[in-house]
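Next up: just one chain, as structure tokens, the form predicted alone.
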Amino acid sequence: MSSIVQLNKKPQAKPITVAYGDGIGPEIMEATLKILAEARVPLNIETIEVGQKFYEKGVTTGIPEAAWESIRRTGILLKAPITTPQGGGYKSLNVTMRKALGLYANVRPCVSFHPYIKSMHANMNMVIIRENEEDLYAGIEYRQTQDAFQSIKLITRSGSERIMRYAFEYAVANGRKKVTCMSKDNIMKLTDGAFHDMFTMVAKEYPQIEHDHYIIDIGSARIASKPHLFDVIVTENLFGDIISDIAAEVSGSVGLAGSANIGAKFAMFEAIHGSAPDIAGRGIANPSGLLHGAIMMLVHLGLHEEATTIHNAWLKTIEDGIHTGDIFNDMSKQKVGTNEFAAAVIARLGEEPSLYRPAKYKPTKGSIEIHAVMADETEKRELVGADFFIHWRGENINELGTALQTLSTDALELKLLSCKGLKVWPNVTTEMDVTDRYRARYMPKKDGGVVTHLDIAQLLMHAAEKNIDFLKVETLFTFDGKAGFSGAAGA
């Protein structure tokens, strides 16, 4: 059962759920809640237990039912870092919560606090908005052969449109001037191409906001070398995870950054760093990342004055040189532990920094509530073939091609074999080291020939009869005559 703890209960107090987490989590959560209490933030807090304790009890998600009940009741979770056990069978608590609660947008501000916290880029001030439900983090993976493993990259147009609208609405609500999309659509032309296309479409609806696009590799390099080029960045799940850590490190310390996970009905706030079990219990952890997550929570709840007061007290503490060991440098005046740092912030409540620009959170029109909506099916979708994925460990690829040709039906015939995306049959000589997973593409024997699911089922039946070790089948479609599948290199 969850317990109820109240901070300065008022009639208008906002209900939230708090998870103390693992490792350094309890220490930094206690420090953060002390600051919120001394700032007289009107919160009604329900405390839940999740994470390592429940993993050890066999709850593979680390989330017991009582925790779900509390989160669904309050709609808000402030969470300290969680330790996910290594090895198979354990699911990431964060990933599970993001999906189950529809937390589609991950928001990570990355700001430089130079010169008191060392950074190569004094003017860095960007926000990374990461799509939170799709991409490789959908977690759809298979081991198909002794040698080959597969992970499915899932991108939807509806999910991409939703994150784009969130990014532009965030920019408008927070006085930001530009939104940059990052993808890899020069290689992944369908998945990342759809993501980029949605960005281009949505950007047209916000003419007051500048927009541009970077391929993710050069974009990541520019975040490290020229972060002042960026204001708001919107990107896919995996890319967003990577570049947000790059940006946080470039800003001065990963330990300072907070994170918001936003959905249409629920929201979760946290630090971006992990549970750091190596320093747990020593009282030296920096609570700043979780505190910044809590400040983002207050803004989300409409508690703008309280968020402003706490943020400015934190800035004043940093300016005064009171630093935990992870950020201690030649500008520091006093090295403190977790509780001492929280006490220093509390002592400065009501003060503002002199060098840093004071924080000033203003009321907005309300939280950004956007749902993913699938567009009507207006394109003509036509079945035109199938890719069979085959397990084969022979040496003469021509033998495989000959065997797979015999599966052909009256409607479909083998057009090519590829391995790792490279055409290897027919009439190909390659020096590439192949693996034991091949793709066999079957297309109509005649141009414009009609293909049915029954034709593909016949191919499968023939493969089974001839003891072909097939791994999976992907049906091939065109959309208004445009291929909805990639070709093979060298074809």
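Quick note: we count residues from 1 along the sequence shown, nothing fancier. Only a predicted model underlies this, so the values are computations on that prediction, with no experimental measurement involved.
In what follows, reference is made to the form predicted in complex with ligand NAD, a form of this protein that is not presented.
Engineer: Of these, 144-152, 216-224, 352-360, 275-283, which stretch puts a heavy atom within 4.5 angstroms of ligand NAD in the predicted bound form?
Structural biologist: Going by heavy atoms within 4.5 Å, the stretch is 275-283.
Engineer: Hey, in the predicted bound form, does residue 79 get a heavy atom within 4.5 angstroms of ligand NAD?
Structural biologist: It does: once ligand NAD is placed as it appears in the predicted bound form, residue 79 has a heavy atom within 4.5 Å of it.
Engineer: So, in the predicted bound form, is residue 24 in contact with ligand NAD at a 4.5 angstroms heavy atom limit?
Structural biologist: Residue 24 belongs to the contact set for ligand NAD.
Engineer: Tell me, yes or no, whether residue 326 is in contact with ligand NAD in the predicted bound form, where a contact means a heavy atom of each within 4.5 Å.
Structural biologist: Residue 326: contacts ligand NAD in the predicted bound form.
Engineer: Test of understanding: in the predicted bound form, would residue 192 fall inside 4.5 Å of ligand NAD by heavy atoms?
Structural biologist: No.
Engineer: Taking 4.5 Å between heavy atoms as the contact cutoff, choose which of 409, 94, 332, 74 touches ligand NAD in the predicted bound form.
Structural biologist: None of the other options qualify; the answer is 94.
Engineer: Just one of 131, 161, 306, 270 has a heavy atom within 4.5 Å of ligand NAD in the predicted bound form. Which one?
Structural biologist: Exactly one residue meets the criterion: 270.
Engineer: Can you name the residues of 414-436 that have a heavy atom within 4.5 Å of ligand NAD in the predicted bound form?
Structural biologist: Result: empty, none.
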